[in-house]
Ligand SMILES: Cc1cc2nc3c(=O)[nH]c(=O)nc-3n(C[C@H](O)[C@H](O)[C@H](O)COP(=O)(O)OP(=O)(O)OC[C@H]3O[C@@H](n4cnc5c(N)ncnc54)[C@H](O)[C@@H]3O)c2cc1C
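Before any questions on how it binds or moves, here is one chain, the form predicted on its own, in structure tokens.
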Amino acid sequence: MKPKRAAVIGAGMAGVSAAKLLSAAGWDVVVFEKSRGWGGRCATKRIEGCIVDHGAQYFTMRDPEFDAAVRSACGDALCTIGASVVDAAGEKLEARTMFYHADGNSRLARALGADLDVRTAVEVAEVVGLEIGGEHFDTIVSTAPWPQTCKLAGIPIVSNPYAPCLAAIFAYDLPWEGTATQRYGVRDDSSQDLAWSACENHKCGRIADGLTVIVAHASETFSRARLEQAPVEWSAILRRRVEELWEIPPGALRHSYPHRWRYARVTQKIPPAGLPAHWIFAGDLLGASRVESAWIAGRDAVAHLL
């Protein structure tokens, strides 16, 4: 008998987790990824001779199975951030150990998904029955955000349970010193503009000599209000706030790299109901908007199928 075939939409953490479990169970699995790289919101940009995580800045490993899988897949490339995260007043915030992949957090998905058939730069625009691009599958596993999954499945989009996030990378012609060396990140959940900023220099070997690189994530309120504005407008506001918080002279900026995350974080849980027969949803809507939560969502959705 031929093995069952599954199409997994998305090569982020949930997609990789789902695909690995199906593959281990003997299924023939194809992962379709619209981007050129893996990782989804575990996104990494290579700029100015630097490696910068502009999506998920770090990840935790609360789940024992996720912990074991990451340690086995990453080996010596698994690193930790030693500096602390503080609030807007400079008070240290308690946090779990913050992990990152030495070569960029996007490599985490690639490491966990070793040996999978992943077809990058292939956007699934439609699913006809259980066919994608003329290939027939027994099951469709979608890890795309719920509104995108609904569109592909041909069912009504009742609500959008995700918050957007406007993000930017700011690279400065400055040696790594001063405030940037004393803390890794600043979190301010009450802020009307800048909710998070972090210095990527704390990740060993990532940033070129003579540069200081800060990643900024705007608040939900700010991001919703300016989502469709030109990036030059909202990135300028974030830049000013970054330079205030991190005591950086404005004239030191070399380049900025803005990015829109339309589906950055789950704000409310809704049951992913109404999908056609032989469709499974395995995105982070099933859990929390953390790296390991997405991996767990993929694992649990497929475990239920199996």
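Each residue number is its position in the shown sequence, starting from 1. In this text, all values refer to a predicted model and were calculated from it rather than measured experimentally.
Quick note: we don't show the form predicted in complex with this ligand, though the next part is all about it.
Answer with one of 122, 195, 207, 85: the residue that has a non-hydrogen atom within 4.5 Å of this ligand in the predicted complex.
Looking at 122, 195, 207, 85 one by one, just 122 meets the 4.5 Å heavy-atom criterion.
Which one of 186, 144, 180, 171 is close to this ligand in the predicted complex, taking close to mean a heavy atom within 4.5 Å?
Contact residue from the list: 144.
Every residue of 45, 243 and 258 near this ligand in the predicted complex, heavy atom within 4.5 Å
Negative, none of the three is within 4.5 Å.
Pick the stretch from 22-30, 234-242, 249-257, 263-271 whose residues have a heavy atom within 4.5 Å of this ligand in the predicted complex.
Careful reading of the contacts points to 263-271.
Contact label in the predicted complex: residue 18 to this ligand, heavy atom within 4.5 Å
The answer is no: residue 18 has no heavy atom within 4.5 Å of this ligand.
Given that this ligand is not shown alongside this chain, does residue 148 nevertheless sit within 4.5 Å of it in the predicted complex, heavy atom to heavy atom?
Contact check for residue 148: yes, within 4.5 Å of this ligand in the predicted complex.
Is there a heavy atom of residue 217 lying 4.5 Å or less from a heavy atom of this ligand in the predicted complex?
So residue 217 counts as contacting this ligand.
So, in the predicted complex, is residue 296 in contact with this ligand at a 4.5 angstroms heavy atom limit?
Looking in the predicted complex, residue contacts with this ligand do not include residue 296, since no heavy atom lies within 4.5 Å.
Residues in 38-66 close to this ligand in the predicted complex, defined by a heavy atom within 4.5 Å, in order
Residues within 4.5 Å: 39, 40, 41, 42, 54, 55, 56, 57, 58, 59.
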